[in-house]
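Here you get one chain, nothing else, as structure tokens; it is the form predicted alone.
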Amino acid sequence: MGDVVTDRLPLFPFLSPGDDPFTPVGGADLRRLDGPVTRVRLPTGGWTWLVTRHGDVKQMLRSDAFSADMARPGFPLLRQAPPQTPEGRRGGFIRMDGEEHLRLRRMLTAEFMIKNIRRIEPLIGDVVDGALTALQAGQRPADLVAGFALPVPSLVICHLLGVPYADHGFFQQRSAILLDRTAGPLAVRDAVTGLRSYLGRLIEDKRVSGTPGDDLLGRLITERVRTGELEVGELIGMALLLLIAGHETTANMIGLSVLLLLQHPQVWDRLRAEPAQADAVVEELLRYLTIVRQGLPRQAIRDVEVGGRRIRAGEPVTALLSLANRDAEVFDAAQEFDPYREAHQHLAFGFGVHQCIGQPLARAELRIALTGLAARLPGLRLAADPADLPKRDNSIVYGLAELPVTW
């Protein structure tokens, strides 16, 4: 790849401005970027090309010139890699390429089709109602993150997978470690080992029971494991990925969305009065907030040109979704939150073959959670200064650590 002097490069990831949790990159950091495809320094001491323009990000993410396999030497890492074994990587298809990735992904595609998610919307509604009832019965002010934003997607993904929600404290604690880019390699290794052991025991109990159940894990055991198409170790890795992604991402979106909407009371009122209009609001929230702020890392496996830059085989590249979703060439007044715009071109779920498989579920959860909250708690308001809210800047999935509210 050649020697690159990193000392003078901007340090990435960028932190959101202290007084603005919605802006992904502050003005000072933006001014240090040398064009839409530029080098930045990583906290591990290496560097990566940073791709920030909407069209360039799409080109990169749909191209087979880039690998998602983080075990490759030179892959852009935000923290020191933990010791890995082949068993620990099995089933983690978002870090796979080619046919290996597609084989596992195809086993889940039907589960997350829009028509199947629509069938479980009554379940999501019941979960939201139950969480709101518990929230209203508790003390005020209340932390909306702990009391609503996190329990809702956690309960839903536990139901879909067939994982006992009673164990949510165990897997949420370890999920937080896996998403914390400041976590040490041994802590990450132990969190992965603990989660894989937990899921392995759960899957084994289902497998030997004779009746695995009509949940996602049970169906995969019956339809894939018993037929020899899927190994148990692969199923454990798939379950781990879905469990973490299935609650952390939506939980952070709910918390940030509520904070933003409470600063736009006319939109909050619209959600309550016209819940059928919520889909457009959700798309703009996804574009504007883009919680995967640390980007999607890749590595070039052959020479390729992106945004006028020649990227050599072996060089690290990161697609910065948050800036791509603020591209003024694609979105008018891109720095503004506009729930009336047509925002469907956003890249909040990525693009190409690795695009988030669970996006229909995430959209449904966000829509039902926000409309339910607006209907049940029309007087909802912040109980803290927005500037004082603790942010999860060091998490791979950005969000709020707490959101004190009252009503």
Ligand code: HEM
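The structure presented is a predicted model; accordingly, all values stated were derived computationally and were not measured. Note that residue numbering begins at 1 and tracks the sequence as displayed.
The following text describes the form predicted in complex with ligand HEM, which does not appear among the structures shown.
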### Which of 125 to 133, 144 to 152, 182 to 190, 98 to 106 lines the interface with ligand HEM in the model of the complex (heavy atom within 4.5 Å)
98 to 106
#### Entry: Phe93, Phe112 and Leu241 each touching ligand HEM in the model of the complex (heavy atom, 4.5 Å)
yes
### Message
Is it the case that Val306, even though its partner is missing from this view, gets within 4.5 Å of ligand HEM in the model of the complex, heavy atoms only?
### Response
no
### Task
Consider Met70 of the chain shown here, and say whether it contacts ligand HEM in the model of the complex, taking contact as heavy atoms within 4.5 Å.
no
### Message
With the partner left out here, check for me: in the model of the complex, does some heavy atom of Leu321 sit within 4.5 Å of ligand HEM?
### Response
yes
### Query
Within a 4.5 Å heavy atom cut-off, is Val330 in contact with ligand HEM in the model of the complex?
no
### Query
Looking at Val353, Leu33, Leu42, Ala375, which has any heavy atom no more than 4.5 Å from ligand HEM in the model of the complex?
Val353
#### Entry: Residue among Leu296, Leu235, Leu199, Leu271 with a heavy atom within 4.5 Å of ligand HEM in the model of the complex
Leu296
### Task
Check each residue of 337 to 351 against ligand HEM in the model of the complex and list those with a heavy atom within 4.5 Å, in sequence order.
Ala348, Phe349, Gly350
